[in-house]
Structures are given as C-alpha cells and as structure tokens.
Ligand SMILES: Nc1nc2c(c(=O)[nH]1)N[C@H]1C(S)=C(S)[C@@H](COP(=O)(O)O)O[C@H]1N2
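Next up: just one chain, as structure tokens, the form predicted alone.
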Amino acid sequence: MAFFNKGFGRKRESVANDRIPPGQYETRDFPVLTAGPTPRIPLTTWSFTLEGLVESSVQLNWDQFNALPHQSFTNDIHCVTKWSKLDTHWEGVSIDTLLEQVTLKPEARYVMAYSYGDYTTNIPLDDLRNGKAFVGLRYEGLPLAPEHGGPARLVVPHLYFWKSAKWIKGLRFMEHDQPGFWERGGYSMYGDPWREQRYRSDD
C-alpha cells in the first residue's frame, strides 16, 4: 500500500539537538502518514480489548475506557521517515493502568497492538511498562483527530512512530515475538530511533 503524505512541504532542518536521533530532522508540523484509508469509528461502537496470555480477556467500551484514570504526557516523537517533533502534549491512559485490568500469564513477553483498519505492530511488553507508553485520546488539548489515529492511538515515544499504532483496538499478549504489518514488509522488529533501526537489516 502507498503512504498518504501531507505536511512535508515545510521541512525545516534542525540545529544540533541531543534530543533528535541520528538521521532525523526537526519539524513543527505533524505530518500524516497512513497505509490505507482513515477509518471513522463511531464512539458508540468503539471498544478496546486486552487478550491473549491473560487469565481472562477484558473488553472496554468508550465510556468504560474513559472512566480509567487519565494522565498528561509530554514527549518527543520520531518517525521512520526521518522527522522528529519535540514537546508534543497528550492526554490519555497509561499502559500501566490498562495492565491493572488483567492478570498476565507468566509467559507473556511480547504484545501485538492491533487496530481498526487491520493494522498491527509488535512491541516487547517491557517497552510498554513503567510509564513508557500510553493510549492517547487528546493531542494539544483537543480530541485526537482521525488522521492522527483518533479516537485513540497507542503512543510509544521511545520507538519509531510506526510502533504507535493509530486507531488502536486492542493489545494481544504473546510468548514469542511476531512481526506486524510493516515488520512483515522488512521494517525493524524493534525500531529504536537512536540506533536507526529502520529496517530488519538494522536489527
């Protein structure tokens, strides 16, 4: 599938900044990249599921999800297409809070994040814990726009942004790592921007 791009016309080369990983440039825009059409998910039918290697699966509707404690987050984000955006402001639900809703089985080590629109991406469980990731519901004080993954997207700021699955629908806990959508196409299984892990050959 082809990317849909918007917002690259005002690329700004960054000055030296120790918050920008190698090979990246800073942008003030928030470019839009997707692997297909933007799904429009009515809040009345939206749900989020925690499943796989858990003692009992949990499914939350929009009201139940929003009843969970919310937090504010300020993060730098880095796209594999080489832009970085500093000091982005989010509101959402920490993955740590979501993990309190289930009992994980001891063999759970990896997570497959899956989305409306059938997008998937794989992440080690430890990269979601201890304040490292959240489900974003609001961006810069406003409800998250559909083109940026609204009504809810996973945000894993320390990894390349394709790991921050848009239109998140659930997390599946697994014993073994498995490739998601872009990983099956040759992208890195991990995606550390500071090690420039863009492709499988960079792992």
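Don't overthink the numbering: it's just position in the shown sequence, from 1. What you are looking at is a predicted structure, and each value in this text was computed from that prediction instead of being measured.
Omitted here: the form predicted in complex with the ligand. The next part is about that form.
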(request) Look up in the predicted complex whether Trp46 has a non-hydrogen atom within 4.5 angstroms of the ligand, and give yes or no. (result) no
(request) May I ask you to check whether His148 falls inside a 4.5 Å heavy atom distance of the ligand in the predicted complex? (result) yes
(request) Using a 4.5 Å heavy atom cut-off, state whether Phe30 contacts the ligand in the predicted complex. (result) yes
(request) Report yes if any heavy atom of Ala165 sits within 4.5 Å of a heavy atom of the ligand in the predicted complex; otherwise report no. (result) yes
(request) Tell me the stretch among 92-100, 126-134, 67-75, 111-119 that has any heavy atom within 4.5 angstroms of the ligand in the predicted complex. (result) 111-119
(request) Scan 83-109 and write down, in order along the chain, each residue with a heavy atom lying within 4.5 Å of the ligand in the predicted complex. (result) Trp83
